[in-house]
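Next up: just one chain, as structure tokens, the form predicted alone.
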Amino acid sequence: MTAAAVISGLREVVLVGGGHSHALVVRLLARNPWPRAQVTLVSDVPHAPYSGMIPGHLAGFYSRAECHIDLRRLCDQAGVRFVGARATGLDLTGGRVLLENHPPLPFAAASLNIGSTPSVHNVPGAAEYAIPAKPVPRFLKAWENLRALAASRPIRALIVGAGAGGVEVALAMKARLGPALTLTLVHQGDTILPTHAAGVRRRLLAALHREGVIVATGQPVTSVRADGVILRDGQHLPADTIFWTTQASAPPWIQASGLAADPSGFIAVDAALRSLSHPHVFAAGDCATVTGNVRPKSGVFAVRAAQPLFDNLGRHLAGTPTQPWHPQKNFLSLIGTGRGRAVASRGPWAAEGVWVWHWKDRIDRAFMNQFTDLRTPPPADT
């Protein structure tokens, strides 16, 4: 701990990133603050998107405000300092979070919840011409531009990547724009949703066909151009806009900072969510990999990690042993189809219907409501 990390007898705790885990940690702090700690949340955006509702926003079910957490307001309510800046690295020797256009922040303990972005650097042209699904502000701006263009003429769009995110975004976009949008979903594997059960794949493939989404599987994209993509067989798929929803990649500054990382560059943490190399640094959500207990990069695990992250940061500050977290293997997945219906799955089980959408809507609204009134009990665990 550096001298700068202790101010007026208070230990500085810096939460880097405003993802689901940290938003929930701040909410927990409002009810049970850590003794003798000054907590700062750093985020490059004052309103954090809730991933569960973004496809619903694309489909027109939710306003932008309804699917974003007001981080500044949340911090004010919880007595947490908010710093609007983009983190660019960690000075682990000096105990400082490095920020863009802002002085470094000293810390005695830090936690990272900075998410991930679809990998665009392994396909020529993708970084220049494709719009990744994250960061969400850029993605939503591209979506609004596409909607404006569709008001004047028919348009063509591509979505590269057919995991749950790509499929749900495709259905939402097509439901919103209808015949004005010719949409192709491209996936390098032989089947969409490769990590889901067959019943889920069957239901969502049928939904894609009903909407008129063109599904091209087994054809990796080999290059991206301003006017479309080139597939492995040499075929050119034209597009006005290309959205990229492939597997997640880690921010490059993680490894550059000296933190231990997994082979994909994500922060390697133990079961208590502590860095394997720097035990005063914690991490949760997409940016972290729990060594020996790897789980998909999914918002559900970022939400579930919040309580153990809060507890273990508190234990670390108190000098008591941390406790392991064991994330579940099977988890509930609710995927909207853009038409007021959704598909539910958990392990091999699957179901579809209007009732599933209402179920998903209740869960998502309950999650967001807890940030409006901090006295509201958290929603029931699902």
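The first residue of the sequence shown is number 1, and the count goes up from there. All values derive from a computational prediction rather than experimental measurement.
Not on display, but discussed next: the form predicted together with a small molecule.
A.B. asks: Given the small molecule in the predicted complex, answer whether the residues Val14, Leu90 and Ser111 all have a heavy atom inside 4.5 Å of it.
C.D. replies: Heavy-atom distance to the small molecule in the predicted complex: none of the three under 4.5 Å.
A.B. asks: Name the residue from Ile242, Val186, Val169, Ile192 that puts a heavy atom within 4.5 Å of the small molecule in the predicted complex.
C.D. replies: Of the candidates Ile242, Val186, Val169, Ile192, Val169 is the one lying within 4.5 Å of the small molecule in the predicted complex.
A.B. asks: From the list Ala133, Leu177, Leu259, Ala126, which entry has a heavy atom within 4.5 Å of the small molecule in the predicted complex?
C.D. replies: Only one listed residue qualifies here, and that residue is Ala133.
A.B. asks: Partner absent here, but in the predicted complex, which of 338-346, 59-67, 25-33, 38-46 has residues with a heavy atom within 4.5 Å of the small molecule?
C.D. replies: Answer to the contact question: 38-46.
A.B. asks: Answer for Gly314 alone: is it within 4.5 Å of the small molecule in the predicted complex, judged on heavy atom distances?
C.D. replies: Judged by the heavy-atom cut-off of 4.5 Å, Gly314 is well away from the small molecule in the predicted complex.
A.B. asks: Is Pro106 close enough to the small molecule in the predicted complex to count, meaning some heavy atom within 4.5 Å?
C.D. replies: Because no heavy atom of Pro106 falls inside 4.5 Å of the small molecule in the predicted complex, the answer is no.
A.B. asks: Please tell me whether any heavy atom belonging to Gly52 falls inside 4.5 Å of a heavy atom of the small molecule, as the geometry stands in the predicted complex.
C.D. replies: Taking the distances in the predicted complex, the answer for Gly52 is yes, it comes within 4.5 Å of the small molecule.
A.B. asks: How about Gly115: is it within 4.5 Å of the small molecule in the predicted complex, going by heavy atoms?
C.D. replies: Yes, Gly115 is a contact residue.
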